[in-house]
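Okay, so here's just one chain, in structure tokens, the form predicted on its own.
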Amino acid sequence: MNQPVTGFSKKSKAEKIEWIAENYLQSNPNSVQILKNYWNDDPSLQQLHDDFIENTLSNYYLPFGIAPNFLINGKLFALPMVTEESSVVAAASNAAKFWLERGGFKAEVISTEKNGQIHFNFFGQEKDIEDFFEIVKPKLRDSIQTIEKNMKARGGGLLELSLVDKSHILEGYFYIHATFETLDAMGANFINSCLEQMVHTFEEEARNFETFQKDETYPEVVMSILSNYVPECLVRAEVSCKVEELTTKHYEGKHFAEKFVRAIEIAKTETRRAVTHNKGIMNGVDAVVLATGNDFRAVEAGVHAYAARNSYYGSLTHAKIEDGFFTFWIELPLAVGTVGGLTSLHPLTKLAFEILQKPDAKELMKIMAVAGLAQNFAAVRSLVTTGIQKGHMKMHLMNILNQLEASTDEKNEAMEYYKENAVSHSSVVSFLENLRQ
């Protein structure tokens, strides 16, 4: 039976690997070699990767691909995408090519505010905490002058402070809501540092506030932290063309547009559909978020909260037919950065920003929103025409062939055969068995 380990983080990398192999990988004699196979040949680069997190054993590689031909606000982009899902890059590329011939994508940043909160308990009179907040508010601002000095010099910093009373929902619960502009930085460390400094000032001033001393009722800070829900950090992307321009050899434009709009309305109405619908959007967004070294978990959390902002979970995209024009658009809350974190450390992230022509944070928001819109267009187009599985399984075919250890010649024959035949795991197994006989 395996035993708990003490001081694991203090072990050398070799000792950590030896321990994990002896305790959890006894059945795999190749385990140590597998871990080493994914080390970087350059020791300095490997050390860089080792330092990203604690207890690093190896590197976990995901494909770094490119989706070309994205025309965004009249400028041509190739989008770096990091993902393991087989059809994502192909779908994005197809959507980009489709709209390249129809005017491309339009995108705009609506707002860029980010936020954080100081959460605290107060069980005294509501008027007392309101009076105290008005007195302490300028002192809270002053207390972070050193922290925000560089950010303010660039045009950012703390924007506003407000007191929010939630005691009608949770007894004694209040919070101070702080809004920030962090420019090209995602801003998590900056915001959290500001909030924690304001906590010190808040608590110190509260101890000396005469009304609290008289009643012996003081506010008690529970925690302070930024929020990943950023509905005031919003970007919009859209595509539009005449309905007849949607006509292809596979479908008639008006009928396609009507089915497409109906599919979006279904995703707005039915949560079970909306979740899968929005997951497809995030296939595109996350792939660019990962490629640029941003935090996809923060983006995901904020986006899905936004999808449920009206007390039900619905589609992030919208579509309409009006005066003979088809319009398809998305609005997303995206708090991302182009400086700080992995954005300036990971070598492939640096390349991704070069490929994207070194965008600032606002430009990156637009690119990510366009990636999500393109992904959704490709998915819904497939759903209302040929069905999603035809294209997806074609892309999945190579994964199946690799699982079955097909040779190069067998792969070539399979690729040719499945140009005209439906792909399934059992079908590929049978195909290879017949081929090998």
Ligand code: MEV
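Please read all numbers here as calculations on a predicted model, not as lab measurements. Position 1 is the first residue in the sequence shown; the rest follow in order.
Below, we turn to the form predicted in complex with the ligand, even though it does not appear here.
With the partner left out here, the ligand still marks one of 50-58, 30-38, 376-384, 398-406 in the predicted bound form; by a 4.5 Å heavy atom cut-off that stretch is 376-384.
Residue contact check for Lys97: none of its heavy atoms lie within 4.5 Å of the ligand in the predicted bound form. Using a 4.5 angstroms limit between non-hydrogen atoms, Asn283 touches the ligand in the predicted bound form. Residue contact check for Gln125: none of its heavy atoms lie within 4.5 Å of the ligand in the predicted bound form. Proximity of Thr276 to the ligand in the predicted bound form falls within the 4.5 Å heavy atom cutoff. The single contact residue among Glu85, Glu148, Glu270, Asp295, judged by any heavy atom lying within 4.5 Å of the ligand in the predicted bound form, is Glu85.
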